[in-house]
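One chain is shown next in structure tokens, namely the form predicted on its own.
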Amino acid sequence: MNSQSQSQSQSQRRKNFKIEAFKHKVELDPKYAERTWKVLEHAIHEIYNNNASRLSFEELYRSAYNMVLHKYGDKLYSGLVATMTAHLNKIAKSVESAQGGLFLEKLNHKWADHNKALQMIRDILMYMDRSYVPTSHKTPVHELGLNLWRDHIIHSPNIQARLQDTLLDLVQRERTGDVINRGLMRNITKMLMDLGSSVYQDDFEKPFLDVSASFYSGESQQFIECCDCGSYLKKAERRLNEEMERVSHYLDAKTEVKITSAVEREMIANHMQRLVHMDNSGLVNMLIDDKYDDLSRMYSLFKRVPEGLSTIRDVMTSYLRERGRVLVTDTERLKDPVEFVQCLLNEKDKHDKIISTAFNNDKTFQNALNSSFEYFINLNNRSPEFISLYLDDKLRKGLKGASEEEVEVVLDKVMMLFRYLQEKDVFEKYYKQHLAKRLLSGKTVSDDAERSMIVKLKTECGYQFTSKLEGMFTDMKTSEDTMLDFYAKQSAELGDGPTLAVQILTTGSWPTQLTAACNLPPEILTVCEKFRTYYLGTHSGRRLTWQTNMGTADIKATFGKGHKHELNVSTYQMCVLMLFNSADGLTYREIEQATEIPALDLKRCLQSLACVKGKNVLRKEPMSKDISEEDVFYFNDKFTSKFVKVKIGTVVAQKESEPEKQETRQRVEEDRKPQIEAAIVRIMKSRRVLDHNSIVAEVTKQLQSRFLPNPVVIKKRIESLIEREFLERDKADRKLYRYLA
């Protein structure tokens, strides 16, 4: 009972306990704020007068802390502004009075002092910065110090213009070769940046850019009047590098893009056309003379300005097109197809090197080069033939002794020219003819090189393009096996007669022409008949037609004084020479009658036997370079040669004669007709109805990898298909065609 009442009274006491306000009021000395400020003001004066070492920063911090705590923040802040302003006005007068070069040094020195003072003042007034400044929306101490410096020093009427002029003058002096104090410049420009980007820009950067633009405008005008293009570009490059270096030493990094664009505009963009077209030293001269360094410099400088690279590209393209046009229409060059193609390859190599060395392998320049070559190579309709003749020369003898890599390089270069051809089917025609001659005469450098070329053509144009070429190689191998079998089975019957080597060519794979067979000598005819009997007995259902215009023969001949030689001749030449076993002299007419060789071939054949020095196993009367139907031919007893084996080639034009060219062109046009018709049918089968222009566009697109079909020919093929009821015209709209299933 007793303990219970005791605990109740304790809990009552706890409930009644409360904290009362502090009854004793602390009265502040009315002069406290003024007295404390005086202490702080004195400290600020001492800091500015470089006597800070005597001060107790801890006491000063406490004084400032108490002033803010006792709500005298306003007095403290306004006092600070007034004191600093007074000091800065004194500093302004001191800087203004500095003479000449000492002006910047004094400004820099005072700026360093002001920054040091500002740091100490900020430390003392740290509490004000943290509590009073944010709540009163005032400027923090450090920033305030910078703003006051800007307003009373940098923007002082007697300093602002002088500072700007001094800085610009120093830059100008450095540009003209003087050495200036870059460290001092860096400190001053850094001061402007520290005061805010707008101060740096308005008080220095904008006038600096204006003055620079004006300077470079004048200098570029002066340079362009007295320098050639290469020298001008060197000066422009040097100026650009100097400005970039200047920025790195004492300007704001953001100024770089502005000053370089000013230099680029004044020194390059404003003079681009004049530079590239400069007489005797512009872009064309650089290209002609392989000035890689100058071209590289032009590329890198022009790349920096709008339309710069397209300016170079346009001039290069028009130069290449004109140069190529002159090259492919030069009648002297056209006399030698191999030289003609070599010139094209040299031009390609030359400009490939320029693009890779000087133009940074720029794809747009490579495309411009390709389009220029495609343009002028197709201006000459003999380009396909000449490229094939060039390959023929290389694969016959030009690549003899070359390594596999060297062969590949040559073939790849030729393939590059082949890609530019619009009439790839014309090239195919000639290539087939030339390959046939190489294979049949055994005059190919290497089978590997031949096959490599066919693989490249196949990769480029597909199987259809090369199937017949591959068939020719197959025939050569089959013929070899056939001859081995023929001699194995017939050797007893053949005895000591002439040895025969037959190449069996599949019709369609080879570019054979139907020519009347000439009269072979009886001893050869006998062996030929035996082979025919053997072959047709082995292969039923086949026909053999002798191509006497394509064969060769080795015959032994004995001349005066018992000189013996082995003559390597064509089949036609053999037929002619064998006649002289039974006659000393024969007229042209007698030879023609006995051999039945076509007149054109016979004249070439006799020309090579009687008119070529060192190969004249026959002599003719009257003696002249050309063969006439009145000529008489005699066996030349006096023929001598230091070689036992003498090859007598047929006098034949390396290029086609005009009638042959017309004939080839005609065959090409005939071959194109079914291809165009097949393309039209393919397109109409999938589209069913199509207008004329769309058909022409689609056919061109489908066939352009082989040749560019002529719209007139396409129209004729459409008419032919309508006649044969593959297509019909729409009854309502005559321009529309319909496919008939």
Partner chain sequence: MASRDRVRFNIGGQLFETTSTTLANAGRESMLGALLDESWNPGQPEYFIDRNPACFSTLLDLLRTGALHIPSNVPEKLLYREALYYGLLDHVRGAKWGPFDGNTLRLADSVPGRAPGDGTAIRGAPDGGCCVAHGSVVHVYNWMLEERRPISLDYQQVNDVGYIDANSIVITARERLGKGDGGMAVFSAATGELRHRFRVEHGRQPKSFTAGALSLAGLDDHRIFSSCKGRLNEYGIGVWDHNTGQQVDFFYEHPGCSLGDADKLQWLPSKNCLMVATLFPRTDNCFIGLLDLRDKSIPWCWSDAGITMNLEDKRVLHAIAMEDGHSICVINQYDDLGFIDLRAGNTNSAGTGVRWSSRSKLMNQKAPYEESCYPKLATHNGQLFSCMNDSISVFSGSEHVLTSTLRRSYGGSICDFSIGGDRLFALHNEENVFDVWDSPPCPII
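Numbering follows the first chain given and starts at 1. Note that the structure is a prediction, hence the values are computed from the model and not measured.
One more form of this protein, predicted together with the partner chain, exists but is not displayed; see below.
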Q: Note which of M126, A112, V612, L484 lies within 4.5 Å of the partner chain in the predicted bound form, where distance is taken over heavy atoms; exactly one does.
A: M126
Q) Which residue, R122, K530, K258, R438, has a heavy atom that falls within 4.5 Å of the partner chain in the predicted bound form? A) R122
Q: Name the stretch: of 135 to 143, 360 to 368, 201 to 209, 618 to 626, exactly one has residues whose heavy atoms fall within 4.5 Å of the partner chain in the predicted bound form.
A: 135 to 143
Q.
So, R130 and the partner chain: in the predicted bound form, are they within 4.5 Å at any heavy atom pair?
A. yes
Q: Give a yes or no for I47: in the predicted bound form, does one of its heavy atoms lie within 4.5 Å of a heavy atom belonging to the partner chain?
A: yes
Q: Answer for R672 alone: is it within 4.5 Å of the partner chain in the predicted bound form, judged on heavy atom distances?
A: no
Q.
Given that the partner chain is not shown alongside this chain, does F57 nevertheless sit within 4.5 Å of it in the predicted bound form, heavy atom to heavy atom?
A. yes
